[in-house]
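As structure tokens, one chain now follows by itself in the form predicted alone.
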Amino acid sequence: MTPYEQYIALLTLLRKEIRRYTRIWTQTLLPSAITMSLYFLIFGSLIGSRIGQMGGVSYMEFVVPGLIMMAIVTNSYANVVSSFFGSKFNNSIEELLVSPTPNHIILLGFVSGGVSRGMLVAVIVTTVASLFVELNIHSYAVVVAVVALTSVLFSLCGLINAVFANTFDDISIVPTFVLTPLTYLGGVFYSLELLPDFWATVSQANPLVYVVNAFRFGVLGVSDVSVGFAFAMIGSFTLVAYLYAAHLLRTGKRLRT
């Protein structure tokens, strides 16, 4: 395929993905706004007023970046895992794999859909957050970079999950038993400084720690880890996920019948 044809193929896949989740926006976009509103109300306004400050800022300000990232992670992941598995279940992914469309275009098409939903949800949830607390962004460059990298990382993870899933029930296993615990243990609701040394060290293996803290630095200017190191870790996780996802598409493992 020529570069122009590849561009058209990528644009077509992206358009399909965007139309898929915007067509059912009451299931894909609205729940994030409602869920985050409840989090802000309970953990921010009600409980936060009793906790006081954390990390040098009010508890409400402290949890907002983590809650925004939680919505981004969940939606980026869910978009790709459901879309790709749906294509696999309907055997339409085989048609893509045998077409002239390069594997990296197929991969980028699905991932771009997840990224677009993640960023759209970020805007929605941030708008909701602004109703509860005044946000003075410390670094727009860091905020945009973290949101983009995180959306790409968990979109790739969603694709990998979809490749190995055999039923629709399988695509909920990782979000339930892996993603949710990692999110809640990633410093969304607490500072790592509160943890004993052993658990603070263990937490460094959690990719959500770097995602949440890098984004918190971009929003508030505070972080429990070095921002440079956080970006290096997020970038490393993303590279590994991309290479593995590309390998799965190239070999056709669990995709071709």
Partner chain sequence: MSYALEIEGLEKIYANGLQALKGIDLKVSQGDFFALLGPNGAGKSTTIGVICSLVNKTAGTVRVKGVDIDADFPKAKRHLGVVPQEFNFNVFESVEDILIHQAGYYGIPLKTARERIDTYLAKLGLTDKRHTRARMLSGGMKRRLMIARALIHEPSVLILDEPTAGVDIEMRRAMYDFLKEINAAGTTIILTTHYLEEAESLCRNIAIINHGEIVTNTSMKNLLRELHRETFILDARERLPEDLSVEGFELTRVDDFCLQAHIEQGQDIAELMSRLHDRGIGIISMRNRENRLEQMFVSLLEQGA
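Not measured: the values here are computed from a predicted model. Numbering follows the first chain given and starts at 1.
There is another form of this protein, the form predicted in complex with its partner chain, and it is not shown here; the text below is about that form.
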item: Candidate from N91, T167, T180, S139 lying within 4.5 Å of its partner chain in the predicted bound form - any heavy atom; value: N91
item: In the predicted bound form, the one of A9, L248, A241, I234 near its partner chain [non-hydrogen atom within 4.5 angstroms]; value: A9
item: I173 within 4.5 Å of its partner chain in the predicted bound form, heavy atoms; value: no
item: Contact label in the predicted bound form: M119 to its partner chain, heavy atom within 4.5 Å; value: no
item: Contact label in the predicted bound form: A145 to its partner chain, heavy atom within 4.5 Å; value: no
item: Partner contact for S130 in the predicted bound form: its partner chain, 4.5 angstroms, heavy atom; value: no
item: Region of this chain that lies against its partner chain in the predicted bound form, out of 154-162, 181-189, 91-99, 69-77 [heavy atom, 4.5 Å]; value: 91-99
item: Members of 1-38 lying within 4.5 angstroms of its partner chain, judged by heavy atom, in the predicted bound form; value: M1, Y4, E5, I8, A9, T12, L13, R15, K16, R19, R23
